Structure formats: structure tokens, C-alpha cells
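Same chain, two versions here, written out as C-alpha cells and called structure 1 and structure 2.
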Structure 1
């Protein structure tokens, strides 16, 4: 277990370098790989050949749940469970229920966006093999990285390292799991 390989980690100096490198890794046909950048680099999704995020659907479902649930709660409590005349208004005075309906829709939508994002990203994940690398600490400062995992069918220790150096990496290291 101790010496099981996680993969290769290649360092790049600029957004331009990682952008070009990502296109080459994508075209080389790797599947289990990723790039790590201090900020979202424009166009990197395309350079990595990634699909669109599913998050908007999660948020839509959550927001509708919140809004419908909120409207239902107000209707049920005011019409069915404890009908009570207030200010001479009808039991089902739906216009008065709109503000709370809207607010709950927003609340559930926002919760869906945050927790949906964390769920899709499988975060929190406090430990990750990449954190073994001392150099990797600079991903959050000014360095750019590409990691290719050992489980990728195309991964070959020597060839992948050579490939990463060839596409412009200034430093390639192997990371244990």
C-alpha cells in the first residue's frame, strides 16, 4: 500500500502553458486526469474536453421544491389545518403567500447550488494524495498543475512522465497514493 502509485503531477508556469498542455493531454486520450489552477482559467473546460455542469438542473429542482413546498405550507396551514379569518381576507388569500413562496424558492435554490456543487465535486475531501507533494502547495498561489492518475488505462510510468515533460512541464513528479 505504501508504495502504490497515485499518478504523475506536472507543473506549469503560465495559464498559456497549461492551456496548451491540457489540449495535448486531451488529444492523447487520457481519461483520469485533471488540471489544478489558482483561479479558473478561461477556456480550460474546452481544452480539457469537459461536459457542461449538471448543477443548474439540481438548482432548478431544489428551487421549485422550495417554492411549491412554501406555497403548500401556507395554503395548508391557512386553509385546511387552522382556517382563521384575518382582516376579512379569504382563507386562500394566495397573493399574500407570494413573498414567502419566493423567499423559500430562493433559499432552497441557493442551498441546492452550494451543496450540489460540493456534492458534484465530492467535497469536503480533506485528504488527497496530491497533498503529499510539497510543490503542489503552490497551486493556490501562482503555479499550474496537471495530474494524470495511475488508474488511467493509458498511464505508463516512464512514457507519461516523458509525455508531460514534452508538452512543456517544468517539473514532473510521481505521487504515491
Structure 2
């Protein structure tokens, strides 16, 4: 029984080589592909044609939820549920609510950042098909890779391998799932 194919993995030697290759893969119309580098390569996300992240919106919504929730809870407890005059202040003494409102905004924003990042990155992912490649072990050391998934509509074994070799990869291998 043959293993199901995951995709193609191409190796590149330099950051400039992978930057140029990413532009060519993007321009070729591939949709399900990624680059793997040992360090951030400036401008690579633009070369890949990536859209802006949704994470700032998630953080904003969570921070506002925390701040509004904290302010609302303090208002409700001080004005409606348990009105109590403290030091002659009015029931709705909003300046006293600011520290808790701020802290809950920061807390919920931080939680939104952590869990939003994990969700958007589909983490934790304990296994990936690329881990089958012996060469791929060097992506976190000194090599640069592009992987194109088999589920991509433009993926064709022979044509994709030839394309990756044509754009300057030093090695191309097919990876089983």
C-alpha cells in the first residue's frame, strides 16, 4: 500500500534565494505552501503575498471585553446590587473603577493574544509530515525551505518538482504523509 503524498519540499541555500523563490511561487499561483527559515527574513511575508494578521483585532476585542466587563461589574455592584456610601462618595464613583478596568483590559488582551496566536497558528501541533524528511531537520539551523502541499489545485508531481528546481532549489523531495 502506497503512502499518501503530503507535498514537495525544496531546499535553498541563502535568504536571498528563498526570498526570490517565494515571489516566484506566489506568482505561479500556488495557494497551499509555506516557507521555513532558521531566522526571520525581512519582507518574506510580503514576498509570499500573505494578508495582514487577524490577531490585533482579536486582542482589541478581548481587551475591550475585559475593560467593559470590569467597569460594568463594578458599576453594577456599587450602584445596583450593594449600594454603600464610602467616605461620602456617590454610589457611581467612576474614578475608583479605573485601575480594575485597566487591569482587566490588559489581562483579557494578553489572554486574547496568547490563545488567538495559538488558534491562528493551529498549535499545538505535535506532528507534521515534513518531520519525515531528514534534510528538513536543518531548517532551524542553517537551511531554507519551501513546501508546497499536494492539496493545492496547481500541484502536479512532475511539474511542481520541475518548477521548484527551475527557481533555484538545491534539492527537491516528495514527502509522504
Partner chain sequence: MVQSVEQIERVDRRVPLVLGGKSFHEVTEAIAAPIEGRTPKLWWIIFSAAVTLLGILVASTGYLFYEGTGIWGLNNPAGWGWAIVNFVFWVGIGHAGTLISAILFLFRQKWRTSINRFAEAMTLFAVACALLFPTIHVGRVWLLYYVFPIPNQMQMWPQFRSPLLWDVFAVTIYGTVSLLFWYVGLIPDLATMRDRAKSALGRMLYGFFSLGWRGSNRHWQHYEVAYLILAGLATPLVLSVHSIVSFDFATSVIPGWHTTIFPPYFVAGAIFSGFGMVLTLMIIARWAFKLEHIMTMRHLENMAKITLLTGTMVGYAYGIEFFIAWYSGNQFEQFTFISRMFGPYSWAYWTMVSCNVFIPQLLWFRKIRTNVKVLFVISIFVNIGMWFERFVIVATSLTRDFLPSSWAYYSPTIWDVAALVGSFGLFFTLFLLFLRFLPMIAVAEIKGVLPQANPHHGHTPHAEESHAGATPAPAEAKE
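Since this is a predicted model, take the numbers as computed values, not measurements. Residue numbers count along the first chain shown, from 1. Throughout, rigid core stands for the largest set of C-alpha atoms superposing within 1.5 Å between the two forms.
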(request) Only one of these is the form predicted alone, so let me know which. (result) 2
(message) Does residue 102 shift between the two structures by 2 angstroms or more at the C-alpha, the core having been superposed?
(response) no
(message) If the core is used for the superposition, what shift in Å does the C-alpha of residue 75 show between the two structures?
(response) 2.8
(request) For residue 85, give the CA shift between the two structures in Å, the superposition being done on the rigid core. (result) 4.0
